[in-house]
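The chain below stands alone and is given as structure tokens, in the form predicted alone.
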């Protein structure tokens, strides 16, 4: 799918990776960019249309699909990442928060906008996933679980939307230099570089993009012996 003349809706577009997606969509000639955030007043990028959208609220999602029927590209970017594994007293509550935002939110958006995209010759969906879709460890255990589920949802919806010619692109990437990774002492990627890689893949018709060397190395290790996901990734 080409960005020129596209109408794009980006969740979590007020900062970080979402803001970078909005800037690059405009630079590539998008006709309109809906920049969605829980607080639309936090969207300050010139040239976009700020809209109120909390991905954990079904009414917000239904209203967006009703009010913005010109969308041709949905970018499911909004997400949360909390530190922690599976055995703490708060892990279940953390899992519920992660799934509400990182899995159920994008699934509801996909359901709501599938008919909208179908009306525009299929359009496209880009889901922001993670290298943590494939590996896990105590530092980001619950987050990784949610991204594994989001990967499964992405693959399943790609198949379901095939007949209406909707391109579904999974973006897998390592740590990005945004508020989400603040406080983590790890190598981080520039958001603008990740976005350019992702949108190049979208425009090339891809179904999956591995945005950095770490992600490509982990992906290659899925079929290694022992497989990369059988090894501890952090402590």
Ligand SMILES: NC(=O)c1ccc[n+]([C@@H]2O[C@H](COP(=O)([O-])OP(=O)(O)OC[C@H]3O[C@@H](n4cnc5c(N)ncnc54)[C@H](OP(=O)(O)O)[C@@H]3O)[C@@H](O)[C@H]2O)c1
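Positions refer to the first chain, counted from 1. Note that the coordinates shown come from a computational prediction; the quantities given were computed from them, not determined experimentally.
What follows is about the form predicted in complex with this ligand, which we do not show.
- Though the partner is left out of this view, residue 196 does not reach within 4.5 Å of this ligand in the model of the complex, counting heavy atoms only.
- Under a 4.5 angstroms non-hydrogen atom cutoff, this ligand in the model of the complex lacks residue 211 among its neighbouring residues.
- Contact annotation for residue 31: none of its heavy atoms lies within 4.5 Å of this ligand in the model of the complex.
- Taking the partner from elsewhere, residue 80 is found to have a heavy atom lying within 4.5 Å of this ligand in the model of the complex.
- Contact with this ligand, judged by heavy atoms within 4.5 Å in the model of the complex, is confined among 83 to 91, 128 to 136, 113 to 121, 67 to 75 to 128 to 136.
- Taking a 4.5 Å heavy atom cutoff to this ligand in the model of the complex, the contact residue among 48, 173, 170, 202 is 173.
- When contacts are defined as a non-hydrogen atom within 4.5 Å, none of 1, 5 and 35 contacts this ligand in the model of the complex.
- Contacts to this ligand in the model of the complex (heavy atom within 4.5 Å) from stretch 88 to 110: 101 only.
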